[in-house]
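Coming up is one lone chain in structure tokens, specifically the form predicted alone.
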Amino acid sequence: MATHDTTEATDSTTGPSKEVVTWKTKLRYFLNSDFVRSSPYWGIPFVLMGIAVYGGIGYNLAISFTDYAGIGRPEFSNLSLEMYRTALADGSFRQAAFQNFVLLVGFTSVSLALGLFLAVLLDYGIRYKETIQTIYLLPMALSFVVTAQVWLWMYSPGNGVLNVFVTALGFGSIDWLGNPRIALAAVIFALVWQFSGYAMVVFLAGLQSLPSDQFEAAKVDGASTAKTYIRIIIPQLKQASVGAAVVLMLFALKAFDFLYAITGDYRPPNGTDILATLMVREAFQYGQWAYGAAIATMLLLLSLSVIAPYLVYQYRQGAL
């Protein structure tokens, strides 16, 4: 008698019961599923990404628990948290972390505020709308390195554009990047110049997605244009604000290439050192690979602390 993958149980009082599916049938269904049949297309990129990205992250994490100094092979027989304790006790690390926080908050908040202001102006329909939008979007097409070179020239103590302007006003030449009191502010200003256009686009998309009848209703109620934006329109841009803020904060955390290009050294002038520059300096200049790996791991955790709440928020909003 032939063996069947499914059986049907009967009962004298209730009649036939539901079909019982055996493991062979489940296996056959799984092997014939779209997930398995499409695996040759997504499987190879998935494996390569797992090795190159997540494998590298795991290896970096393992090195951070050693005392590896870049010579020979790491010794994994005696793992400890010594490098993390060293980082927390290091004044350079605490200063870099503080300046990273100032850069993150200052750059993100100013970019969001300026981007929202520009988006409202464009949404209101000011003259030369397309020209202004193009001007503020143009810096987004530039890389960090190109932007840094432009502002390095503009901040030049000798013949920089800003110092020419300041000197014409009767003030002395300013060392924008060499003075630790204003160097970080100069860096934030340059980054805001590049990324405020991104915030503008995000807010403008959010404004244009809102129904236009809200303006008409507010106008009928006698509300001014300013009150309509402040009390009705802008509060509805919460999701756009959160999304733009997350992207800008991630840019602030990985601004190493900009700082390296604008200072020309692993060690930025006092006042602009952040965790990314400290990490590269400790690993590549001083050969403290384990210490650099520990800083990199903490920088990764900071990035996850930014993106994880956003993903939770998106999930609760039904966007994931």
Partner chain sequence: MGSIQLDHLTKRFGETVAVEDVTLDIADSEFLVLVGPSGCGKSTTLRMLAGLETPTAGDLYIAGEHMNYRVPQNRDIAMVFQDYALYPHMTIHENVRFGLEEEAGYTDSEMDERVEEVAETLGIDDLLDRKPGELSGGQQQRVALGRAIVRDPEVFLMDEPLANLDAKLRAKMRTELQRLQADLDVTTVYVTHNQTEAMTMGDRIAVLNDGQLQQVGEPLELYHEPANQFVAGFIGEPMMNFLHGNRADAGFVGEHIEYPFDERLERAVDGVDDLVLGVRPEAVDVRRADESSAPNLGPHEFEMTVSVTETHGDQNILSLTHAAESVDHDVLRAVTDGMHIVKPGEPVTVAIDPETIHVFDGKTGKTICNRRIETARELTI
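Residue numbers count along the first chain shown, from 1. In this text the structure is predicted, and so the values were computed from the model without any measurement.
Quick note: we don't show the form predicted in complex with the partner chain, though the next part is all about it.
This chain is drawn without the partner chain; in the predicted complex, the residue among 129, 231, 94, 85 with a heavy atom within 4.5 Å of it is 231. The contact residue chosen from 223, 114, 249, 201 relative to the partner chain in the predicted complex is 223, the criterion being a non-hydrogen atom within 4.5 angstroms.
Although the partner is absent here, residue 142 sits far enough away that none of its heavy atoms falls within 4.5 Å of the partner chain in the predicted complex.
Heavy atoms of residue 80 never reach within 4.5 Å of the partner chain in the predicted complex, leaving it off the interface. Of the heavy atoms in residue 134, none are within 4.5 Å of the partner chain in the predicted complex. The partner chain is not shown here, and in the predicted complex it never comes within 4.5 Å of any heavy atom of residue 109. Heavy atoms within 4.5 Å of the partner chain in the predicted complex belong, among the stretches 189-197, 223-231, 100-108, 239-247, to residues of 223-231. Contact residues in stretch 200-219 (any heavy atom within 4.5 Å of the partner chain, taken in the predicted complex) are 213, 214, 216, 217, 218, 219.
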